[in-house]
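One chain follows as structure tokens, the form predicted on its own.
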């Protein structure tokens, strides 16, 4: 394998890994703060891609030029709003009524919400059951440097994810609300006794995590140029796998798990004969190995039962 090919695959792995990382951060926020495994999270990934596709016509109708920076920022804002609203509705009508119910009930009802969302897009979006071509948001050609083909979409996704993750870090570590999130995750009852509005924390946490998942869907459309109504299922499984590997409940572990999963997938595709056939399999193998040998994840803490 040549140096040029190695660099090319590293860029591809970065683009894939950051997408998984954004989805995984949502899963780990939900579990760490709300103690919910949200299997509707993969569908907000799909919704983000479809909203980006459908909103293009709206933005051009109000005078924004396709390929301009305001056009892209308009799509990004709409995608973030869609993810946030989805998370808020999910908390209000599904997670909140099921609070106190057995975990399996919450898991099943979020799975039901996932199916309803997916089928609604297939039925009500024009030609929704067929793959949809995703337009190039910037009219910029790929750059060839020393035999390495650098796609502007990949660079954009890396920069965008870095901004979003940095913003999340600032919110969690440097703001008062971030302290509320960390306090609720550590001890919900103690946080309530200290006067923290736990319900508000739940709502904003679901909104934040869902917004990141929606942006990951936008990145998928930019990177691959095609989106499908059922793309959320596989993305959700892989995001959950990344969260488990990093340590479910650990935000920074989720980021590391997403990057690890992205690099492993690209490694398998580029080195194993017919490796693309095994690309999806690697996620499940990693989760099984992690649950067997490191149940708490790479960055998770072991839990000890008091006797």
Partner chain sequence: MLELINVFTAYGSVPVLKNVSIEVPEGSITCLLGSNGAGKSTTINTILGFVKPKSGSVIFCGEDITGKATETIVHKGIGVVPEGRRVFPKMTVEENLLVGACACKDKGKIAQNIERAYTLFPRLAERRTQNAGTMSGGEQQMLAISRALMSDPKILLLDEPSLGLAPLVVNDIFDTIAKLNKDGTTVLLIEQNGFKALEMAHRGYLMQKGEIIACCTENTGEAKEQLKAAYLRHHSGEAK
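Numbering follows the first chain given and starts at 1. The structure displayed is predicted, hence computed values, not measured ones.
From this point on, the text means the form predicted together with the partner chain, which you will not see here.
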property: Exercise: residue 197 in contact with the partner chain in the predicted complex, heavy atom 4.5 Å; result: yes
property: The partner chain contact in the predicted complex: residue 180, any heavy atom under 4.5 Å; result: yes
property: In the predicted complex, residue 145 touching the partner chain (heavy atom, 4.5 Å); result: no
property: Residue 189, heavy atom within 4.5 angstroms of the partner chain in the predicted complex; result: yes
property: Options 171-179, 81-89, 210-218, 152-160; stretch whose heavy atom lies within 4.5 Å of the partner chain in the predicted complex; result: 171-179
property: Within 4.5 Å of the partner chain in the predicted complex: residues from 220-259 (heavy atom criterion); result: none
